[in-house]
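Shown below, as structure tokens, is a lone chain in the form predicted on its own; questions about how it binds or moves come after it.
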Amino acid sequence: MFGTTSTRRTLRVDWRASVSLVGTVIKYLSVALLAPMLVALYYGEDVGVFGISILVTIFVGFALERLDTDPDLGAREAFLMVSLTWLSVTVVGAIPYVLAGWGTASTLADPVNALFESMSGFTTTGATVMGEISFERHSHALLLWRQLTQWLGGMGIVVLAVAILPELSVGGAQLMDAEAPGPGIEKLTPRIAETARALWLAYIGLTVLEFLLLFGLNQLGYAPNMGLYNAVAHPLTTMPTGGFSPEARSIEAFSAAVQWVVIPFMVAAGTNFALIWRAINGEPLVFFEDSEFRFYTGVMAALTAVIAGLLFAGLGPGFAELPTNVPAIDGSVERSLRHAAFQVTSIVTTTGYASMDFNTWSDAAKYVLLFGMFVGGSAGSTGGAIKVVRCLVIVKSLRRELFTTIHPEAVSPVRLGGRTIDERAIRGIYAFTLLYLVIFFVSVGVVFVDAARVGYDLTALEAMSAVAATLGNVGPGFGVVGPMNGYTDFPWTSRAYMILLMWAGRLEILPVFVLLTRAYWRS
């Protein structure tokens, strides 16, 4: 229907231009598949999985690209292109999972599971349906692909495309605004392609620095389990706030020194990368001057203090028994502070790592973490959820309402970083937050009813945490979706629904709803 001449005249969106550029991105995704193929060669594993994936990716990319040989990108086409890109790379990224699971008992043989794992990777959610995670069960190459998808998705596939593909330099600003998490992206240089390169350079630099520190700890004897593979794999999933670890016990599998090193990198990943870029370029005080960063670190410090206090007093652990290899926390300042700081940072930045199974913590500690799932990282970071800047503007505007109630004649604009926030922007933030919460509660109902339909026992906290973890791109939740478990036991319908939640959460919801309106396509 879309291919007819009359339809093209009535539609106001040049869908061929959008799909053609999606094809360009998919074509270059084949380059990323070379890395796991080389790893497969190194470890003597099945190379065919990635060889076939590369051929399919190139074929599909070229086929889509031919739909329009000279695409012209406007604002509407940018919306469509970004949304379709995230769906398309998810489908292409699922091919290695399906091929690796083909003919085996692996959960990845199910296409829905493969799509779930791929969407979880690219959107940096970190929720998994892989079942047992080990090198005995899955190849080094497949696990590396899992981590690589998170790294590519962290700073943004479209941002990367704008940085390296000249054909996207025109319309690049619209593409980056449509993709970047948070309320808009800060232009660091006169040209948007240079801004995209600057953001990716900061991202790559922090990834390399974390690798050097983790591998250095291993060489010095402070991190015996952090060999070369793990030292490469974990920065690839820390900086995008992804959380896919090749270890089934996540960061609990490593020493306290590793956990302390990972914490500041999670904080950096949840920080606006524009600030990091400015600090690198001679403005080290920019962090202290930025109200969003102060609020972001203040929230994490407050939540850490509450949970550390619970753990130290022995009120943190619940009734579940701790694994025998984990020492008791209560009474230990270092362990209370380390686990509290690690889990709060991991949850607020939506990284999803675990320094221990926080499923064993009391409900009081879990509800503090559940609150953190909604806060999210800074605008311009790789974190998900509502975002700190929106929370800060809401707090400031509520304080303004209280003030003007007492002083009705007063004029009190909401300011952020010395700038007055436009009233329209404030209304937009309220609308986004309300829509986010409505989708959350509706989705909890959907998942709860779907689980009851098949007789799957699910508590309210488990349903809420599963939805919050997928919509906010957090990853692990509580109970059946705890940090040492996965989403495999959910009905396939719930898993398919959560794929959409991860996609909508990564796109910040509104673009998805815009695509569903008639006005977007016709007026």
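None of the values given here were measured: they were computed from a predicted structure. Numbering starts at 1 and runs along the sequence shown.
This protein has a second form, the form predicted together with another copy of the chain, left out of what is shown; the following refers to that one.
**Q** Which listed residue (Ala105, Leu220, Leu402, Leu285) meets the criterion of a heavy atom within 4.5 Å of another copy of the chain in the predicted bound form?
**A** For this set of options, the contacting one is Leu402.
**Q** Which residue, Leu209, Leu201, Ala364, Ile280, is the contact with another copy of the chain in the predicted bound form, using a 4.5 Å heavy atom cutoff?
**A** The option sitting close enough to the partner is Ala364.
**Q** With the partner left out of view, is Thr433 within 4.5 angstroms of another copy of the chain in the predicted bound form by any non-hydrogen atom?
**A** Because a heavy atom of Thr433 falls inside 4.5 Å of another copy of the chain in the predicted bound form, the answer is yes.
**Q** Does the 4.5 Å heavy atom contact test between Leu461 and another copy of the chain in the predicted bound form come out positive?
**A** Contact check for Leu461: yes, within 4.5 Å of another copy of the chain in the predicted bound form.
**Q** So, Phe448 and another copy of the chain: in the predicted bound form, are they within 4.5 Å at any heavy atom pair?
**A** Phe448 belongs to the contact set for another copy of the chain.
**Q** Hey, in the predicted bound form, is Arg427 touching another copy of the chain, heavy atoms inside 4.5 Å?
**A** So Arg427 counts as contacting another copy of the chain.
**Q** Quick check for you: of 394-402, 263-271, 345-353, 82-90, which stretch puts a non-hydrogen atom within 4.5 Å of another copy of the chain in the predicted bound form?
**A** Comparing against another copy of the chain in the predicted bound form, the contact stretch is 394-402.
**Q** Please tell me whether the candidate spot formed by His407, Phe441 and Val514 is one where all three residues come within 4.5 Å of another copy of the chain in the predicted bound form (heavy atoms).
**A** The answer is yes; His407, Phe441 and Val514 each reach another copy of the chain.
**Q** Taking another copy of the chain in the predicted bound form, which residues along 255-286 bring a heavy atom to within 4.5 Å of it?
**A** Residues within 4.5 Å: none.
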